[in-house]
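This document opens with one chain alone, in structure tokens, the form predicted alone.
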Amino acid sequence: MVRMRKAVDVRHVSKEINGVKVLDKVSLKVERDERVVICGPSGSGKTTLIRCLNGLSTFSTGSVTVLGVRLTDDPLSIRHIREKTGMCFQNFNLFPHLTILENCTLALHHVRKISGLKAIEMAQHYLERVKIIDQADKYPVTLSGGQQQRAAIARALCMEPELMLFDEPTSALDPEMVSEVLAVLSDIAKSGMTMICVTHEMRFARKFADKIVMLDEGKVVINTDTQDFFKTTDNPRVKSFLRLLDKR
């Protein structure tokens, strides 16, 4: 069977909350093995858009197709997409009552039906990959923010997804912890995995992304190759956004 090249196909997606348009006719295409950064000011719709890709948020009009599956109200379509898609949140969302190893094996047991030593070995493999294998038997509260985010990444990777979504993975971290998480994301990118990352870390985006999509007030301001994004001088909204980030 021929594998479809397109990983994500968003067409004219709009979403309203209490009469306010959070997303306004957003269209976006992501190819297999492509790394895409979604950026923009706070409240521009970035998190809402990425949550629409796996059914965590609904949308009013338009269509979303992920890995060949059209997202509908049918729980089966959502399940098919989530089985192939991993997501990391800005606040980690680790289960506090489980050890890091148990956090990583939970979905292996209940979703992939992998049990015993094989599940443990898979979890250990990905904890090793994100360089926190020494934290496997600890609880999330004892880890630093950077370690917790790396644990959350390992947990998502255990499902061996075809697509990874990251919602501002460094926004809850102290500045000194940001670099360690971004290093992990860069390492994953080298493996060729399809990745979509919402971030304000534009120095990272320049190195990481094949393409950058900027939203403002729920609309796509620009959708272009990374090099072209940073060379854009005739778009005042892009220039203003980058200037504000430089002042931080």
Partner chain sequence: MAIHQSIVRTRNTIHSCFDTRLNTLITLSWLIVLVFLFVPMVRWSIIDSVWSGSITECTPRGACWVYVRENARHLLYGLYPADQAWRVDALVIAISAQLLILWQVRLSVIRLAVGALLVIGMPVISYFISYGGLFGLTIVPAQYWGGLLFNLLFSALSISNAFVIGLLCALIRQKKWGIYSGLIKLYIDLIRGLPLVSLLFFATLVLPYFFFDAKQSVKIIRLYWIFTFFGAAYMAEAIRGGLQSITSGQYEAAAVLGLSEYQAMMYIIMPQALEIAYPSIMNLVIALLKDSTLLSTVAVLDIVGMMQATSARVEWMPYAVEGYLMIGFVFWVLCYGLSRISDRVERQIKVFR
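Numbering follows the first chain given and starts at 1. Predicted, not measured: the structure shown is a model, and the values here were computed from it.
Beyond what is shown, the protein has a form predicted in complex with the partner chain; the following relates to that form.
Whether S186, I222 and R237 all lie within 4.5 angstroms of the partner chain in the predicted bound form by heavy atom
Not one of the three qualifies.
Pick the stretch from 143-151, 121-129, 173-181, 89-97 whose residues have a heavy atom within 4.5 Å of the partner chain in the predicted bound form.
It is the stretch 89-97.
Proximity of M159 to the partner chain in the predicted bound form, heavy atoms at 4.5 Å
The answer is yes: M159 has a heavy atom within 4.5 Å of the partner chain.
Is I114 one of the residues lying within 4.5 Å of the partner chain in the predicted bound form, judged by heavy atom distances?
Residue-level check for I114: no, no contact with the partner chain.
Quick one: is L56 in contact with the partner chain in the predicted bound form, heavy atoms, 4.5 Å cut-off?
L56 belongs to the contact set for the partner chain.
The partner chain contact in the predicted bound form: T85, any heavy atom under 4.5 Å
Heavy-atom contact with the partner chain at 4.5 Å: present for T85.
Within 103-128, which residues have a heavy atom closer than or equal to 4.5 Å from the partner chain in the predicted bound form?
Contacts from 103-128: L106, A107, H110, V111, K113.
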